[in-house]
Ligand code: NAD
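First, one chain by itself: the form predicted on its own, in structure tokens.
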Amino acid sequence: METVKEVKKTQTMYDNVMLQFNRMAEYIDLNPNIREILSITNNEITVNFPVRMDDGRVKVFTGFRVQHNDSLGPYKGGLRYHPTVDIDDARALAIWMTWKTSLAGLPYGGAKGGIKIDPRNHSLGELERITRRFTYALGDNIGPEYDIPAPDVNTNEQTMAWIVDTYMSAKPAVVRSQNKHVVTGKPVGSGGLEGRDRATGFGVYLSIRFLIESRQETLKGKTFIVQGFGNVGYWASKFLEADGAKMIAVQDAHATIYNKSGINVEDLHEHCKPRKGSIEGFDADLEIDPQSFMGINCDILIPAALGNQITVDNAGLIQATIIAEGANGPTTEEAEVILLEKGITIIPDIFCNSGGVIGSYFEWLQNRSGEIWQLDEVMEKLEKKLFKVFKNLEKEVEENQIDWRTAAYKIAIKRIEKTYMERGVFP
């Protein structure tokens, strides 16, 4: 095991993902030609597009779409709306999507994108116009058999509905219905999948439950803390609470609350609804210093916000025995060294939050075949799929005595390597 001093401090998510990839390439002795291919992205699209605001002014927005690799199938990945979105973040997230879809055994490659924007500063009408204009600017850089976006940070089923309507409207009338699966995560009435809203959070919950049960334990009485109480944080917490676990702390960008006796998940969710998702103001008596969040004594820590939240500066404070990465890239490389030395089990993001992309795959299949699946059927399929991935991971961990992220990356990258070895490189 490397010591902290041997790990160069990373600055961005892209630094982090490339450190992880290069380390893994060495570990599995990845074919050098395939390593060369996977170390770069296939396509990077930047679009600048004008949108008229409610007051009549025209503002120009910048959007991105990065397509990393499509050796296993069409590009797949979310679109996020956030002030920090840039091309480096999109690269990192696209690469992680490639590993995630490969690990899950899906016929997809990896992509990611978004708009550099704070959606809280815009009305619903402005967000609709921004989304539709972004879709138009992307044009045929997305498509139902080419690149399929989905919701991500600060985007939702409404965002996807605007995208699919805009994209289909640009197609000839006779083929519009064949393009419904250009995005996933749509409202059910617009071709969406029952249960897609909770799929990512349900997957986070299942990854924790599977691990706990593999240790001959149950979730009853376990305590957990959540960073980020959006869609993923809420649903993961809801399922954990239903299984007997207790949420004792929550943090978002505006507040940190802590109650050793427990915080009711549904009460907090209801509080957040009219406040654009913020937990601020839930109970002033429960608010604590944000810097103390990571050091709260608990069984499970769920980072479900943005990347690079667990760093060398706070990793030593963490008292949880399990970290379940609901967010993409929440743990830096140097922080992971500290955590593993402390004996903390990290359920890696490319498995932990893969319920979302698996749910997206089900929606995509449903649209392509013209079927309609019921909620119980969807949840059963999702649990069955994730359990199979977990057992593959568990076997790799136990047979090779390696950590869970190393096992996940090994399985994911080896599958892609096998595909390239079988097909060759054109021409």
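Keep in mind that what you see is a predicted model, and the values were worked out from it rather than measured. The numbering used is simple: start at 1 and walk along the sequence shown.
The same protein has a further form, the form predicted in complex with the ligand, not shown here; the description that follows concerns it.
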Query raised in the report: Does the 4.5 Å heavy atom contact test between Thr200 and the ligand in the model of the complex come out positive?
Result: yes
Query raised in the report: Counting only non-hydrogen atoms and a 4.5 angstroms cut-off, does Val153 reach the ligand in the model of the complex?
Result: yes
Query raised in the report: Could you tell me if Leu317 has a non-hydrogen atom within 4.5 Å of the ligand in the model of the complex?
Result: no
Query raised in the report: Do Ala253 and the ligand share at least one heavy atom pair within 4.5 Å in the model of the complex?
Result: yes
Requested in this report: Using heavy atoms only and a 4.5 Å cut-off, determine which of Trp99, Phe229, Phe134, Tyr205 is in contact with the ligand in the model of the complex.
Outcome: Phe229
Requested in this report: Consider the chain as shown here, without its partner, and state which of Arg91, His181, Lys246, Arg80 has a heavy atom within 4.5 Å of the ligand in the model of the complex.
Outcome: Arg80
Report summary line: Given 299 to 307, 169 to 177, 207 to 215, 338 to 346, the stretch touching the ligand in the model of the complex at heavy atoms within 4.5 Å is 299 to 307
